[in-house]
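In C-alpha coordinates, the next block holds one chain alone, the form predicted on its own.
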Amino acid sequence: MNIRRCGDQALLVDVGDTGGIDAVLGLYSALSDPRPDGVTELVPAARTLLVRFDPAVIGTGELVELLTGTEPVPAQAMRGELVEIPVYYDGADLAEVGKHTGLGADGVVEMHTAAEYTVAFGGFAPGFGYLTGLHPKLHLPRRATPRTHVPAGAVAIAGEFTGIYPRSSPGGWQLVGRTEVPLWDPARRPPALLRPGTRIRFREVR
(Lines give C-alpha, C1' and ligand atoms only; values in the text may rest on other atoms or scores of the structure.)
Protein backbone atom coordinates (compact mmCIF):
# COMPACT_ATOMS: atom_id res chain seq x y z
CA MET A 1 0.00 0.00 0.00
CA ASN A 2 1.35 3.39 -1.00
CA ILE A 3 -0.16 6.56 0.47
CA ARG A 4 0.42 9.93 -1.19
CA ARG A 5 -0.75 13.42 -0.38
CA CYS A 6 -3.24 15.14 -2.70
CA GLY A 7 -3.17 18.76 -1.68
CA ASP A 8 -3.69 19.59 1.99
CA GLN A 9 -7.08 17.89 2.45
CA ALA A 10 -6.78 14.48 0.80
CA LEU A 11 -4.66 11.33 0.68
CA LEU A 12 -4.51 8.86 -2.20
CA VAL A 13 -4.16 5.22 -1.19
CA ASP A 14 -2.70 3.06 -3.98
CA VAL A 15 -3.19 -0.66 -3.30
CA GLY A 16 -0.89 -1.63 -6.19
CA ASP A 17 -1.34 -4.19 -8.92
CA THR A 18 -1.65 -7.17 -6.59
CA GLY A 19 -4.52 -5.79 -4.54
CA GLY A 20 -6.74 -4.64 -7.35
CA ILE A 21 -10.38 -3.72 -7.15
CA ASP A 22 -11.23 -6.13 -4.32
CA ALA A 23 -8.61 -4.51 -2.10
CA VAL A 24 -9.93 -1.02 -2.88
CA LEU A 25 -13.51 -2.08 -2.18
CA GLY A 26 -12.44 -3.82 1.01
CA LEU A 27 -10.72 -0.70 2.30
CA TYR A 28 -13.64 1.46 1.17
CA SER A 29 -16.08 -0.78 3.06
CA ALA A 30 -13.94 -0.79 6.19
CA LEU A 31 -13.85 3.01 6.24
CA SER A 32 -17.48 3.63 5.26
CA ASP A 33 -19.42 2.28 8.21
CA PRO A 34 -18.82 4.23 10.30
CA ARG A 35 -16.66 6.79 8.57
CA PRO A 36 -13.76 7.88 10.85
CA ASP A 37 -14.02 11.31 12.45
CA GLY A 38 -12.59 13.92 10.13
CA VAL A 39 -12.90 11.86 6.95
CA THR A 40 -15.27 13.78 4.68
CA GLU A 41 -15.37 11.71 1.49
CA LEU A 42 -14.16 8.40 0.06
CA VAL A 43 -13.70 8.04 -3.71
CA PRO A 44 -12.76 4.52 -4.91
CA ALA A 45 -11.22 3.81 -8.32
CA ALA A 46 -9.73 0.74 -10.00
CA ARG A 47 -6.64 0.57 -7.73
CA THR A 48 -6.79 3.69 -5.59
CA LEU A 49 -8.94 5.18 -2.86
CA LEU A 50 -9.03 8.95 -2.43
CA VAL A 51 -9.61 9.89 1.19
CA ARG A 52 -10.65 13.49 1.73
CA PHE A 53 -10.43 14.86 5.26
CA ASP A 54 -10.90 17.92 7.41
CA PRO A 55 -7.45 18.89 8.76
CA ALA A 56 -9.14 20.72 11.64
CA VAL A 57 -10.42 17.36 12.90
CA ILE A 58 -7.69 14.88 11.94
CA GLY A 59 -4.07 15.48 11.00
CA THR A 60 -2.28 13.96 8.02
CA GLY A 61 0.00 11.82 10.15
CA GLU A 62 -2.86 10.52 12.26
CA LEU A 63 -4.87 9.67 9.14
CA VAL A 64 -1.92 7.86 7.52
CA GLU A 65 -1.55 5.81 10.69
CA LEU A 66 -5.28 5.04 10.68
CA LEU A 67 -5.25 3.98 7.02
CA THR A 68 -2.17 1.83 7.46
CA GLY A 69 -3.79 0.02 10.36
CA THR A 70 -7.18 -0.50 8.74
CA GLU A 71 -7.96 -4.09 7.84
CA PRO A 72 -9.89 -4.32 4.52
CA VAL A 73 -13.23 -6.12 4.59
CA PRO A 74 -12.94 -9.46 2.72
CA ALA A 75 -14.81 -9.51 -0.60
CA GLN A 76 -17.10 -12.33 0.53
CA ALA A 77 -18.15 -10.32 3.60
CA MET A 78 -19.36 -7.28 1.64
CA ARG A 79 -23.12 -7.29 1.63
CA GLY A 80 -24.23 -3.99 0.13
CA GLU A 81 -27.77 -3.23 -0.94
CA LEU A 82 -29.04 -5.54 -3.71
CA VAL A 83 -30.62 -3.82 -6.73
CA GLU A 84 -32.34 -5.76 -9.52
CA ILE A 85 -32.17 -4.21 -13.00
CA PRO A 86 -34.72 -5.40 -15.61
CA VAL A 87 -33.09 -5.52 -19.04
CA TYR A 88 -34.32 -5.87 -22.62
CA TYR A 89 -31.50 -7.82 -24.22
CA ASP A 90 -31.67 -6.31 -27.71
CA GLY A 91 -28.41 -4.38 -27.80
CA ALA A 92 -26.80 -3.48 -31.12
CA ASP A 93 -23.71 -5.58 -30.34
CA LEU A 94 -25.41 -8.59 -28.76
CA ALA A 95 -25.16 -10.81 -31.85
CA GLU A 96 -21.50 -9.87 -32.39
CA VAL A 97 -20.68 -10.52 -28.71
CA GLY A 98 -22.39 -13.90 -29.00
CA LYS A 99 -20.36 -14.71 -32.12
CA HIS A 100 -17.07 -13.52 -30.64
CA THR A 101 -17.50 -15.47 -27.40
CA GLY A 102 -18.98 -18.55 -29.08
CA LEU A 103 -21.91 -18.37 -26.68
CA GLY A 104 -24.51 -17.10 -29.14
CA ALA A 105 -26.87 -14.30 -28.19
CA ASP A 106 -28.93 -16.48 -25.85
CA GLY A 107 -25.80 -17.73 -24.13
CA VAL A 108 -24.57 -14.19 -23.55
CA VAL A 109 -27.89 -13.27 -21.96
CA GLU A 110 -27.85 -16.39 -19.79
CA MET A 111 -24.32 -15.69 -18.59
CA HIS A 112 -24.90 -11.98 -18.05
CA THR A 113 -28.00 -12.58 -15.93
CA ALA A 114 -26.48 -15.46 -13.94
CA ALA A 115 -23.92 -13.39 -12.06
CA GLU A 116 -24.18 -11.02 -9.12
CA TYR A 117 -22.21 -7.84 -9.68
CA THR A 118 -20.77 -5.23 -7.35
CA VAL A 119 -20.35 -1.54 -8.08
CA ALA A 120 -16.60 -1.04 -7.74
CA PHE A 121 -16.49 2.67 -8.45
CA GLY A 122 -18.19 5.43 -10.39
CA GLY A 123 -16.97 7.59 -13.21
CA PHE A 124 -17.28 8.63 -16.84
CA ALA A 125 -20.65 10.31 -16.20
CA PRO A 126 -22.79 11.02 -13.11
CA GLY A 127 -24.51 7.78 -12.13
CA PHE A 128 -22.25 5.49 -14.15
CA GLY A 129 -21.00 2.53 -12.12
CA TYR A 130 -18.23 0.13 -13.10
CA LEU A 131 -19.60 -3.30 -12.13
CA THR A 132 -17.28 -6.18 -11.29
CA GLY A 133 -18.20 -9.86 -11.40
CA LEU A 134 -18.45 -10.24 -15.17
CA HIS A 135 -17.69 -13.81 -16.30
CA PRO A 136 -14.22 -13.99 -17.96
CA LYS A 137 -15.82 -15.33 -21.15
CA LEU A 138 -17.52 -11.96 -21.54
CA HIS A 139 -14.33 -9.92 -21.11
CA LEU A 140 -14.16 -8.15 -24.46
CA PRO A 141 -12.35 -5.03 -25.64
CA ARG A 142 -14.12 -1.80 -26.40
CA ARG A 143 -15.31 -1.28 -29.96
CA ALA A 144 -12.56 -0.29 -32.38
CA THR A 145 -14.65 2.73 -33.35
CA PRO A 146 -16.72 4.29 -30.55
CA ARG A 147 -20.26 5.36 -31.26
CA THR A 148 -21.01 9.08 -31.25
CA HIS A 149 -24.35 8.39 -29.58
CA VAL A 150 -25.25 5.71 -27.04
CA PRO A 151 -28.78 6.01 -25.63
CA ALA A 152 -29.48 6.40 -21.92
CA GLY A 153 -30.11 3.05 -20.24
CA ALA A 154 -27.86 1.06 -22.59
CA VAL A 155 -26.42 -2.00 -20.82
CA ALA A 156 -22.91 -2.71 -22.00
CA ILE A 157 -19.69 -4.61 -21.38
CA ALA A 158 -16.02 -3.70 -21.86
CA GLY A 159 -12.92 -5.36 -20.49
CA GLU A 160 -13.66 -6.90 -17.09
CA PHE A 161 -16.62 -4.57 -16.44
CA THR A 162 -20.28 -4.28 -17.24
CA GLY A 163 -22.25 -1.07 -16.78
CA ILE A 164 -25.23 1.04 -17.72
CA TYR A 165 -25.09 4.38 -19.51
CA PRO A 166 -27.02 6.79 -17.24
CA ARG A 167 -27.61 9.28 -20.07
CA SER A 168 -27.06 9.52 -23.80
CA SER A 169 -23.42 10.10 -24.67
CA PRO A 170 -20.63 8.91 -26.95
CA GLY A 171 -19.28 5.52 -25.96
CA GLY A 172 -17.23 2.54 -27.05
CA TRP A 173 -18.57 -0.30 -24.89
CA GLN A 174 -20.28 -3.33 -26.43
CA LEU A 175 -24.05 -2.82 -26.17
CA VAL A 176 -25.98 -5.93 -25.13
CA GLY A 177 -29.27 -4.52 -23.83
CA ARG A 178 -31.17 -1.61 -22.33
CA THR A 179 -33.06 -0.75 -19.18
CA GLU A 180 -35.62 1.89 -18.28
CA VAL A 181 -34.43 2.21 -14.68
CA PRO A 182 -33.25 5.79 -13.99
CA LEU A 183 -29.69 5.70 -12.67
CA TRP A 184 -29.25 9.37 -11.90
CA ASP A 185 -31.95 11.54 -10.35
CA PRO A 186 -30.88 14.92 -8.90
CA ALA A 187 -34.07 14.95 -6.79
CA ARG A 188 -33.15 11.63 -5.14
CA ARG A 189 -30.88 11.39 -2.11
CA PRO A 190 -28.36 10.23 -3.01
CA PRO A 191 -28.88 10.96 -6.72
CA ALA A 192 -26.95 7.89 -7.92
CA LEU A 193 -28.76 4.54 -7.78
CA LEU A 194 -25.50 2.62 -8.18
CA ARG A 195 -22.94 3.46 -5.52
CA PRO A 196 -19.71 1.66 -4.60
CA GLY A 197 -20.53 -1.59 -2.80
CA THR A 198 -24.06 -1.88 -4.20
CA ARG A 199 -24.81 -5.38 -5.50
CA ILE A 200 -26.55 -5.75 -8.86
CA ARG A 201 -28.48 -8.49 -10.59
CA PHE A 202 -29.79 -8.21 -14.14
CA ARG A 203 -33.15 -9.78 -15.02
CA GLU A 204 -34.17 -10.39 -18.61
CA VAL A 205 -37.39 -8.73 -19.78
CA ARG A 206 -39.04 -10.11 -22.92
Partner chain sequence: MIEVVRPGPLTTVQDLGRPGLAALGVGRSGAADRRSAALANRLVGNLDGAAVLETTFGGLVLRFRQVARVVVTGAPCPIRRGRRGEAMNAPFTVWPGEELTLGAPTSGLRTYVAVRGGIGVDKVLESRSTDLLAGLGPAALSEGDELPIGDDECGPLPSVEVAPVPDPAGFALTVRVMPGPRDDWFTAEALKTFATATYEVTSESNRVGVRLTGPVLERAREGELLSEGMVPGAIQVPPSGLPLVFLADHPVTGGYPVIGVVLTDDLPVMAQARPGQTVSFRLVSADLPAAA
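In this text, the rigid core denotes the largest set of C-alpha atoms whose superposition between the two forms falls within 1.5 Å. Every value quoted in this text rests on a predicted model; they were computed, and no experiment measured them. Numbering follows the first chain given and starts at 1.
The form predicted together with its partner chain is left out here; the points below concern that form.
Practice problem: Could you tell me which one of 74, 86, 123, 104 places a heavy atom within 4.5 Å of its partner chain in the predicted bound form? | Solution: Looking at 74, 86, 123, 104 one by one, just 123 meets the 4.5 Å heavy-atom criterion.
Quiz item: Among 170 to 178, 62 to 70, 146 to 154, 133 to 141, which stretch sits within 4.5 Å of its partner chain in the predicted bound form, heavy atoms only?
Solution: So the stretch in question is 62 to 70.
Quiz item: With the partner left out of view, is residue 165 within 4.5 angstroms of its partner chain in the predicted bound form by any non-hydrogen atom?
Solution: Heavy-atom contact with its partner chain at 4.5 Å: absent for residue 165.
Self-check item: Contact label in the predicted bound form: residue 41 to its partner chain, heavy atom within 4.5 Å
Solution: So residue 41 counts as contacting its partner chain.
Quiz item: Does at least one non-hydrogen atom of residue 191 fall within 4.5 angstroms of its partner chain in the predicted bound form?
Solution: Output for residue 191 is yes: heavy atoms within 4.5 Å of its partner chain.
Quiz item: Heavy atom to heavy atom, is residue 91 within 4.5 Å of its partner chain in the predicted bound form?
Solution: The answer is no: residue 91 has no heavy atom within 4.5 Å of its partner chain.
Self-check item: Within 4.5 Å of its partner chain in the predicted bound form: residues from 43 to 62 (heavy atom criterion)
Solution: The stretch touches the partner through 43, 44, 45, 46, 47, 48, 50, 52, 60, 61.
Quiz item: residue 192: CA shift of at least 2 Å between the shown form and the other one after core fit?
Solution: No, the C-alpha moves less than 2 Å.
Quiz prompt | Yes/no, residue 58 Cα shift of 2 Å or more between the shown form and the other one with rigid core fixed | solution = Yes, because once the rigid core is superposed, the C-alpha of residue 58 moves 2 Å or more between the shown form and the other one.
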